[in-house]
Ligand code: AMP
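Shown below, as structure tokens, is a lone chain in the form predicted alone; questions about how it binds or moves come after it.
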């Protein structure tokens, strides 16, 4: 497996693969990979001749008060996971390689970034769209793989690809959970033992909402109220949002009469965790 640190290395190698008629898949990550990321790499390996995994903690998607400096990193473990799963390359640039001193170009979006995480992290998706756009231009993948745990991000990237006529397919992959239900996340490592137990309130709320809809509830506000009540019963939990939106447009919606995304963001102590499900 190749460990590339420069844009030129990636472009040169991908150009050679494409000369051979090989398809290329991309899995963009911020590293500290877990089984959720591994499931994306596995899917990409199954569907492409060569797979590139980017490992880059993107500074421009973090606000000044967020966890850029403390975000967990372990490149050696990341490379081992990628190699054992069948990736052909890990792209691990330094910030200066991605954003030179003269960098002044950003990709912004309206509408689909307004609700959910966009409310409390207003600059976040500008950074996400910019770095993903750059990765797409560097790697020129045929397919790119994103997890549903970051469902709004998945919707944003799909919209960006469609709006800008990008020549690739965005593949969404299911949420991977721990045995007790907690959604896999690199930020789970921030949790103390007590907080880790308390964090189960997120998946419990998700499973409650899913059951209510499966049992026939079509009033979104009732579903959200029940989920909110459950989360508020956990003393260590502080809600950022519990919302229902149309899955295609991320617009606030109140009835389960079309595909909807029900998404939550909750602080457990100082750690912000997210979870969601899609219903029709």
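Numbering follows the first chain given and starts at 1. What you see is a predicted model; the values in this text were computed from it and never measured.
What follows is about the form predicted together with ligand AMP, which we do not show.
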query = Using a 4.5 Å cut on heavy atoms, which of 146, 136, 91, 125 is close to ligand AMP in the predicted complex?
reply = 146
inquiry  = Please identify the residue among 83, 195, 210, 150 with any heavy atom within 4.5 Å of ligand AMP in the predicted complex.
reply    = 150
inquiry  = Looking at 217-225, 233-241, 33-41, 247-255, which stretch has residues with any non-hydrogen atom within 4.5 Å of ligand AMP in the predicted complex?
reply    = 33-41
task = Find out whether any non-hydrogen atom of residue 175 is located within 4.5 angstroms of ligand AMP in the predicted complex, and reply yes or no.
result = yes
task = Give a yes or no for residue 184: in the predicted complex, does one of its heavy atoms lie within 4.5 Å of a heavy atom belonging to ligand AMP?
result = yes
ask   = Wondering, does residue 71 line up within 4.5 Å of ligand AMP in the predicted complex on heavy atoms?
value = yes
inquiry  = Taking any heavy atom pair closer than or equal to 4.5 Å as contact, tell me whether residue 29 reaches ligand AMP in the predicted complex.
reply    = yes
key: Members of 1-17 lying within 4.5 angstroms of ligand AMP, judged by heavy atom, in the predicted complex   = none
